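Okay, so here's just one chain, in structure tokens, the form predicted alone.
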């Protein structure tokens, strides 16, 4: 009985670590910037697919590269997701600050685009996107450097947009037919792909009567490192001070010379990069598919809301509590603990599966938010008044 409870607690904590790792980026974007980013799950998915690509490259290299691929995969997953997040913030989000409904709809549309992009990306599509970006943003840069053209820049860009798109499609079609790229299968497709853990992450650590998987221990350790790094960055670094200042009072920060637009871009890129790291870690636990991020987006929002918007410590407690409660309910551990008390045992047995356990956790969260609508650590001071 005790061994089963300890095993349940470890598995619950490991699930909580996974949720926390996935929610860290959202805690920054939603908590500090007050932006509802429904594409956060797709940023997690991009991190997972980056890990898959790095794994295959290291397999081709052979030797010890495969056993070490997880470390460059973590870095590249962060970079790829951060760059996509930066483009999303500069191209979409920056125009929608203070308009939560429009932001929600726009990021939902971006999430659908990213899902379809992963399903159908191939060499032709990559060539077309590269050509379009080269033509359009070169024109943007040229017009921005000519002061006498600033008045008509938006009108010219509006005309150049379909023209650059048509040229890019023509170039992609021509190269695809010339080099037989048009018949190339999509890189990933709609089916799930598998990421194999390095040999040193297989197996588990025997501790008494428990078997602690190395993968779960690695994810817990990675989560601790990420939380400590984010805390240090926000509390000790210059840019962390600027982020907290802009969060508290944007107008006063701008008056003091803080580049608020750069702070917004950095914050969003940081939160997106952390989503990529979460995707890298999650790829070790199961197959990766276009819908991978959708499996975690609701849970990550729950972690941030229950912990308290903008509160890193609250997110840690909420993730551990939600993960532990979900596993103890879904695995039937609580039903076994209350076996001597038949009514309670029957009650917890009814919820002893994954779907019903989530229902019970949702009910508990709703009840908790009725008592503490601000979460475990509610906001105080100017952040609430804003």
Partner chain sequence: MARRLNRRRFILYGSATFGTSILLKACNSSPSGTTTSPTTSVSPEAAGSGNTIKVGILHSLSGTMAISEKSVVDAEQLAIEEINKAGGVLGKQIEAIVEDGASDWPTFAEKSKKLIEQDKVVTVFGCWTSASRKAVLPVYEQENHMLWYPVQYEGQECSKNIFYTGAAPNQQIEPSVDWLLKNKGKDFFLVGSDYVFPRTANTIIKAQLAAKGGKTVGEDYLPLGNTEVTPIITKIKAALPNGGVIYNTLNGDSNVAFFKQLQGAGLGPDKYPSMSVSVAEEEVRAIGPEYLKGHYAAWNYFQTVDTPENTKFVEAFKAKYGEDRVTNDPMEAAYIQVYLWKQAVEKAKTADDLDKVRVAALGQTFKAPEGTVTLENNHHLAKVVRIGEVRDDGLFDIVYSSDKAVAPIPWNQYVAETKGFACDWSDPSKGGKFKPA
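Positions refer to the first chain, counted from 1. These numbers were taken from a predicted model, which means no experiment stands behind them. Rigid core: the largest C-alpha set superposing within 1.5 Å between the two forms.
Not pictured, yet referred to below: the form predicted in complex with its partner chain.
ask   = Hey, in the model of the complex, is residue 33 touching its partner chain, heavy atoms inside 4.5 Å?
value = Heavy-atom contact with its partner chain at 4.5 Å: absent for residue 33.
request  = Tell me, yes or no, whether residue 41 is in contact with its partner chain in the model of the complex, where a contact means a heavy atom of each within 4.5 Å.
outcome  = Outside the cut-off, so no.
message = Is residue 296 part of the interface with its partner chain in the model of the complex - any heavy atom within 4.5 Å?
response = Result yes; residue 296 sits at the interface with its partner chain in the model of the complex.
ask   = Taking 4.5 angstroms as the cut-off for heavy atoms, does residue 240 touch its partner chain in the model of the complex?
value = Contact check for residue 240: no, nothing within 4.5 Å of its partner chain in the model of the complex.
ask   = At 4.5 angstroms, heavy atoms only, are 193, 291 and 352 all close to its partner chain in the model of the complex?
value = The answer is yes: all three residues contact the partner (heavy atom, 4.5 Å cut-off).
request  = With its partner chain left out here, work out from 251-259, 202-210, 226-234, 79-87 which stretch has heavy atoms within 4.5 Å of it in the model of the complex.
outcome  = In the other structure, the partner sits against 202-210.
ask   = Listed by sequence position, which residues of 83-114 have a non-hydrogen atom within 4.5 angstroms of its partner chain in the model of the complex?
value = Counting only heavy atoms within 4.5 Å of its partner chain in the model of the complex, the contacting residues of 83-114 are 94, 95, 99.
ask   = Under a superposition restricted to the rigid core, does residue 117 display a Cα displacement of 2 angstroms or more between the shown form and the other one?
value = False for residue 117: its C-alpha shift is below 2 Å.
message = Relative to the superposed rigid core, does residue 140 relocate between the shown form and the other one - that is, does its Cα move 2 Å or more?
response = Comparing the forms between the shown form and the other one, which are aligned on their rigid core, residue 140 does shift its C-alpha by 2 Å or more.
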